[in-house]
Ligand SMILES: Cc1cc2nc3c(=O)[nH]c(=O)nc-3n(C[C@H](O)[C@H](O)[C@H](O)COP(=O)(O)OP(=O)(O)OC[C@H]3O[C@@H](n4cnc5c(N)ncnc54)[C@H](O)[C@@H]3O)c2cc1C
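So this first bit is one chain, no partners, the form predicted on its own, shown in structure tokens.
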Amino acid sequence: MPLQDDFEAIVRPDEPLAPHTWLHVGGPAEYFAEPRSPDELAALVRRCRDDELPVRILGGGSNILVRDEGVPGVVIRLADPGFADIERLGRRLTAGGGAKLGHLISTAVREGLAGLEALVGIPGTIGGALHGNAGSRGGDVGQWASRATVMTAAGEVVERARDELVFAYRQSSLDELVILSAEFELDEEDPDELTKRMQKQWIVKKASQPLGHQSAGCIFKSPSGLNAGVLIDQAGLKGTRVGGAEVSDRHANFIIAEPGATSHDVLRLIDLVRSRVADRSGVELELEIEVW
């Protein structure tokens, strides 16, 4: 029996993925699912395992480039409010994997809990942020994580304590299928001071990044001791276009996808940037975004 027949309320076939990503390009998912509870999610995951259907988890879509051909298998998004709860207990905040990182940061600041405010302006969900250890010059999200609850590809729920969590530059040991929730241990501080600090960080980011355009987060990881945006700028690539895709003239590590752009345009521009940077500086840039 087709998957959508057994999960009719939560599964849609041939769902366009472009509207679910920041770049707004790419083809459809073979199946697109929005489960309403962890139990429903587990049942769906187990069915996908039995049917040998590949499964991907879509967070905020800020670090994803979907190919024009689309994505085979099942793309799951934790859009139900039940996956986005944020609760405080003392110096700790617990957040669902589907919660927006921005909501967690604003809650922490309002509650007088310090540490996450340096990450203001980073898009995406808690699950995606932890999986890729999202961060900025002020630190990364993993340094504050004290516990995580995950779901495996077999649909089993497992707790990961702090000593099981390993975070490095834009990567983590949280490679299970789904991050259901996470706990963050923060420092107490005056909410007014935290608000001022967060606002300063936001002003700096807003001035230097194309936050209002059809762009993803940073396209490339910064090599050790170097800055990817600077390397791209030094190669004279700001404003370079391929089809409807353009290297941002505000921050060279961002690509703008204009209306009518295709995923192929973005991929060709990525290849061009990598080639030019390698020719000029000898540095091979590594992607920070995921290509589906």
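Start at 1 and count along the sequence shown; that's the residue number. The model shown is predicted, which means the values in this text are computed figures rather than measured ones.
The form predicted in complex with this ligand is left out here; the points below concern that form.
Between the options A114, L93, V74, A216, the residue in contact with this ligand in the predicted complex by a heavy atom within 4.5 angstroms is A216. Checking A235, A261, L58, C48 for any heavy atom within 4.5 Å of this ligand in the predicted complex turns up a single hit: L58. This ligand is not drawn, but in the predicted complex it has no heavy atom within 4.5 Å of S248.
Of the heavy atoms in K205, some are within 4.5 Å of this ligand in the predicted complex.
Contact check for V109: every heavy atom lies farther than 4.5 Å from this ligand in the predicted complex. In the predicted complex, at least one heavy atom of G135 sits within 4.5 Å of this ligand.
Only one of 157 to 165, 189 to 197, 172 to 180, 85 to 93 lies within 4.5 Å of this ligand in the predicted complex by heavy atoms, and it is 172 to 180. Residues of 126 to 160 lying near this ligand in the predicted complex, listed in sequence order, are G127, G128, A129, H131, A134, G135, the criterion being any heavy atom within 4.5 Å.
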